[in-house]
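Let's start with one chain on its own, the form predicted alone, as structure tokens.
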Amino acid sequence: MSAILELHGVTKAYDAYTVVDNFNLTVNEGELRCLLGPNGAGKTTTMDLITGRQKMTSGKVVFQGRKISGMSEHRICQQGIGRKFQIPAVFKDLTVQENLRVALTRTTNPFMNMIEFGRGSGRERLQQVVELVGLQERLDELSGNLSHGETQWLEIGMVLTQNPKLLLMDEPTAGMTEQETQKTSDIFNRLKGEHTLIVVEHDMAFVREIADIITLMHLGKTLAEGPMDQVENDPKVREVYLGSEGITDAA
């Protein structure tokens, strides 16, 4: 498999405080990578640096062989990178279907938007997304009436309408019930291969269900990387998280 995303020596510092410290990461196409670490390890900041939400102090980000660090957040999104934040951002006064249609929009021209929605490709993409996130029976429901889990799935669907090559997911199961978490793991496992995913998550049972590779961050650097069993048995991980059960406290 070829690399779709590469971080080379990425650093983010605020005066004397370094959040991400000379961090390197390579993610292969079609892979689902889980980014773990305690609060303050630099996980979300790393996602911000990939998407251009924050500007790095040094280093570079390469996506599909092209340097994207230094681009605006909007331009990076146009390259094929989609992101879901921890707190869902949906339009509560619009229906599920209307939210998905807004997300599909690629232009501010309303006439062109009408054409886009009328095209077979646009309708087909919306149908695929709706079936994937399991909201077929809720299309006409106002988004403000959805359960927490359904709201999370709607936002995942909104990201997917743009068919990004790389999806960044920040704590997608936060606040979900056990049943909702299981459905989310099913969604993510279906996405693997067609899409590449980087997931920041605290639920280790969920991580075990979905992760191909884990990168464990500590103080802005990589402490360990590999399959779950390999990371859990890494001597460095045991030393840093002495007394914890596996790496449960490191998420």
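One rule holds for the numbers: they count along the sequence shown, beginning at 1. All figures in this text were calculated on a predicted structure; none of them were measured in a lab.
Unshown form predicted together with a small molecule; subsequent notes refer to it.
Not one of N28, L32 and E225 places a heavy atom within 4.5 Å of the small molecule in the model of the complex. Contact check for G52: no non-hydrogen atom falls within 4.5 Å of the small molecule in the model of the complex. The small molecule is not drawn, but in the model of the complex it has no heavy atom within 4.5 Å of S185. Contact check for A41: a non-hydrogen atom falls within 4.5 Å of the small molecule in the model of the complex. The small molecule is not drawn, but in the model of the complex it has no heavy atom within 4.5 Å of V10.
Interface residue among R208, K67, R190, H202 relative to the small molecule in the model of the complex, by the heavy atom within 4.5 Å criterion: H202.
This chain is drawn without the small molecule; in the model of the complex, the residue among N145, T177, Q86, Q136 with a heavy atom within 4.5 Å of it is Q86. The partner is not drawn, yet in the model of the complex one stretch among 191-199, 208-216, 32-40, 56-64 has residues with heavy atoms inside 4.5 Å of the small molecule: 32-40.
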